[in-house]
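Have a look below at one chain only, the form predicted alone, in C-alpha cells format.
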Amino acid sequence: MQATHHSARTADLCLIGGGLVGLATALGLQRHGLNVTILDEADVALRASRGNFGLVWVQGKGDTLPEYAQISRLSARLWSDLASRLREDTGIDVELQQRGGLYLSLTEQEVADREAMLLRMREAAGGDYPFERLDLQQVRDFIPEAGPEVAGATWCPEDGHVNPLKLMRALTEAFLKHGGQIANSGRVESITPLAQGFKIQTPEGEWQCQKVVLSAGLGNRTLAPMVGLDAPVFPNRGQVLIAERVRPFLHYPTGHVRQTGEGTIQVGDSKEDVGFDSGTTTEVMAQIADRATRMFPILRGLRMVRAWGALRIMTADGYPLYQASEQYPGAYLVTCHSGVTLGAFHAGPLADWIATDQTDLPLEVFNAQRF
C-alpha cells in the first residue's frame, strides 16, 4: 500500500499553481515528454485567471523594456497555433480573434502621449512596430458607435482577444488529456531541495519531483525563497463589469471595453493598490462605467449583470519574472500579469527553456536581480 501511495506522488516536474500561467507552461512541458503534475491550492485561491479581461494585447507593452515588447509580440504570433491545438485536443473554440485592437482616448493629450510612446517603441524595435494614430472619424470606420467625446485612438493590427473562461477550460482539458495530473493539494507548506530533485510538502501529503516550477502568482512570494529565489510581487486590483447582451457592435477589442462572443459587454482596466482585497467598490465601478459610456453612448441604458475584482500579480516595474535557481538547479520562477497575452509564449519558448535549460531569448532581463 505504502509503495503505490508513494509512486502516485512522484513526477518529472511539479508546477505549483494551476492558473493560466501554470497550465500553459505545463502544456508546453508535456511536449517534451515530461510527466507533469500541477499542485493547486483549490478554490480559495486568489485567482487572477478567473478575473481577467481576455485580451491578447501587444500595443504599448514593453514601452520601457524592448525585450518585453519582443516576447509579447512573439506570443501574439504563436497564439493561432495554440488555439488550433487546443481545438484539436479538446473540441473547445477559445474564440481567438486577432484582427487588431484600438486604445481609445477621451482627450487629445492622451492620444498624443500614446502616439509618442508607440513611436519610441517603434524606434526601439528598429522600425518594425505596426500601429496607427486615428482621429474620431477613423475610429468610426472601425466602430461606428464611438461617441462624440472620443478624441481618437491608437490602432495596432497585432492585438486581439480570447474567451478567458473557455481558455481556462481548454488548457485544463488538454493538459489532462495528455496525461497530466492536477492535485488540489491545498497551499504548499515547504519545498525541500534534495540531492536529486525536490520534495514538496502540502496538507494533502508530499510529492517528489526532479524539477519544480513556481507559477503560483502572489503565492510565489513565500515559495521562491525556499529554492534560493526571490519573487517581489504584490497585488494590484482590477475591477471588471459585465453588462447585459447587446447587438454586436464592437468587432474589435479596445483597451477598456470588449464585447464577448455571446454579446455581453466587458468593461474594466482600473488599477488600484488595495493590498489583498479583491472586492469591488461603487466609486471605481462608477468611474469605469462613466468612461465606457462616454466612449460608447450605446451602453448608457444597459443593465449591469455582474461585477468582480481580481488581483493582478505585479512587480515594481510591471514586467514578468522568469528565473532559474542557481543555488538549486531545477527550480524555476514564472510570474507575470499578462497570463492571456503571454499564454502562447509560456506554452512554447518558455516551456522549451525549462525543459532543456537552453534558450536564444533574452530571459536574463527578467530575473529578480533587477530590483
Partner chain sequence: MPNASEFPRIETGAAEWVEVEVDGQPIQVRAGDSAAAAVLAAGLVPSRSTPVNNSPRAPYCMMGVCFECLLEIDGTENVQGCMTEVRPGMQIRRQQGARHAEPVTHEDRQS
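Keep in mind that this is a model prediction, so the values were computed, not measured. Positions refer to the first chain, counted from 1.
Below, we turn to the form predicted in complex with the partner chain, even though it does not appear here.
Although the partner is absent here, residue 298 lies within 4.5 Å of the partner chain in the predicted bound form, judged by heavy atoms. In the predicted bound form, the partner chain sits within 4.5 Å of a heavy atom belonging to residue 245.
Interface membership of residue 302, defined by any non-hydrogen atom within 4.5 Å of the partner chain in the predicted bound form, is confirmed. Using a 4.5 angstroms limit between non-hydrogen atoms, residue 128 is distant from the partner chain in the predicted bound form. Of the stretches 282 to 290, 146 to 154, 112 to 120, 247 to 255, only 247 to 255 has residues with a heavy atom within 4.5 Å of the partner chain in the predicted bound form.
Of all the residues from 140 to 179, none has a non-hydrogen atom no more than 4.5 Å from the partner chain in the predicted bound form.
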